[in-house]
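Heads up, what comes next is one protein chain in two forms, each shown on its own as structure tokens, labelled structure 1 and structure 2.
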Structure 1
């Protein structure tokens, strides 16, 4: 069968190299008059931030979460972490890895095993002046607060997660209201965190189809986005358009998308923005059941960016609605082979498997071929249950 041939020839992603052997901890950064001296940059590489951070980051971008678990375990057992903040960095990577691997109970247990509350002075730089001379403030990576809020929902307690995120939002806002003490860059950073938390809250309400509150939150974000780049504004307005479309307000979605087109013509564009506008146009065609025009728009996107996974996936669905199941399968299979790092997405696999179930009476064989290929190529956190074998 065609499908089998296509998948056989994909080359493996290169496996990560072994991490470096342990080396002595680097000296603490010194805040002196040499700060502006480019030859004495205390933050020349990630490893200056934390022990072997480069390697952790590299493993994370490759999706090698099991290797990260090993690395963290080894660092802890061999007492390789000498500074307090390093423990928190490693804890963060560890929790992300456990969460990515869907080991939610383990992640919660680990977080609960922390001796102190995240606001405790134990996590302040100034509590360790010999490690961090002249540095004050919290050494907690913000991600830990976010995970602390997100994890209860993973174990079924959605209400607790929402409460924690609203509390976290309040925390971020109180940091911003004391902003006279913060540098301009810090203020920008905390504003980004405020947007991050609001976005996560929107995501939770959206999963539960609580559309009215999503609209209110998005409207709030639009109000805050006055100073943002055109790209960011376009991205935000697109979310509004998608929410409107999702619950059926087609006129509202059309109006929103036309505002985005206005932004694009103002700004310089770029492939990202142009494809966003084209994909939005295609969605309007889909809603109007003009699948032929939608396919045409998606083809334009793919021409501009061969790795535009959303365009490829949605194009395949349009082909199905045009009664062309065979081509819809081919589009997804070819793209998986050609740009796997972009296309290896659980939703895309679910779509392809739905197509297989429709196309083949005995679909287990072809799904197994797909599943085997995925296990060779996909990152550790890929949810294999998406093939529904």
Structure 2
């Protein structure tokens, strides 16, 4: 999970990590009380929300997860966090960093060290009226709830993770059921969180080939997508098509993909939508083992968007299936050199190293050179074992 996905981007009316936007209690407070509070002020800076929050956000964007661990440790040691919500905000970044660095046991231990469960009054604004006058609601960042659900699976307890995610989904939907009390922005934020949680649940079921459950969840999302953007609808339909393909329903997948083509033919969406259509066509060609046609579709994608990592990776794989190892290696090497920020991920590196092993006798030396380059440019969480040295 990317940190900026779980920690909502500023600037908006609510802070990056506040899942329950502060609301005036009943009876209403003075009209200006919540509007001027830094936790609820759309014009405040990140640093008004929490101590040096902009620095943490920048480090996360760069993938400097070890630096985040150091920064959180210094803030705690030097007692720089003065309000309860600041401790939870820094805990969120700390847990994300530990998770990114695959230190899952440490992350679970720190999460378990909280004095109370996440719904405890200890984590409500109204429990600290001297800090948050006239503000109510939970100060627990949504990412903490998400990590609380996700981390057990990292330690082998998949069922606990699924149980917690379904509980989290119920929690999110309970917020939406009371949406009449929320602003339009808050409603949209909770809807995005609902989709995020459902997609996470789908991923867990899909990894265990539980296709029937995946199809039901995706169709439920599609049923609720009225009013969504064409891009969001296309992404959902594509996911449905992918599951249908894995389920063996090739004709169903073709029909689903044709709906996306219809959206594009109506002039809805830009390059990203057009590339989605081409990638879907290429997948159908791959299923039929027509790798030449698949390569042509991927070439069209790359011509539109030279940073389309999926198209570049899959084109290289198709060339490998066509026994053109030389060109498949060139495709990935050129892309890594040209757009390293978009292309540097473990899947692409694993594929490239597999091609080296097939093509060269001295593949160990070549992979070592690649590994040295990666160590200079990759973020902290890049898995160095993907070079298979």
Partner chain sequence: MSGTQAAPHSLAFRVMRLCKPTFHVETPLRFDPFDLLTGEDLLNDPVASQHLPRLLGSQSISSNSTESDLTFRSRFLLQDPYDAVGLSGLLVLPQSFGAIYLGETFCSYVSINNSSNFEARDIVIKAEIQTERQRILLLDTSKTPVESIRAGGRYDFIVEHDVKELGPHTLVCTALYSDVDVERKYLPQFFKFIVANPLSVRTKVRVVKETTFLEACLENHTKSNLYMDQVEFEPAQHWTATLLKADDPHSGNDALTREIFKPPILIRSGGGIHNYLYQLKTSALGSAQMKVEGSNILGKLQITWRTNLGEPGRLQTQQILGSPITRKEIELQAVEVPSVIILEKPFTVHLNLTNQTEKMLGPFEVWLSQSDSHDEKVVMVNGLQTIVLPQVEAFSSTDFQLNLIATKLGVQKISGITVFDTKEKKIHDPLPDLEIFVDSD
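Positions refer to the first chain, counted from 1. As the structure is a prediction and not an experimental result, all values here were calculated from the model. Each form is matched to the other, and the largest set of C-alpha atoms that superpose within 1.5 Å is called the rigid core.
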Between structure 1 and structure 2, the form predicted alone: 2
By how many angstrom does residue 185 shift at its CA between the two structures when the core is held fixed? 2.4
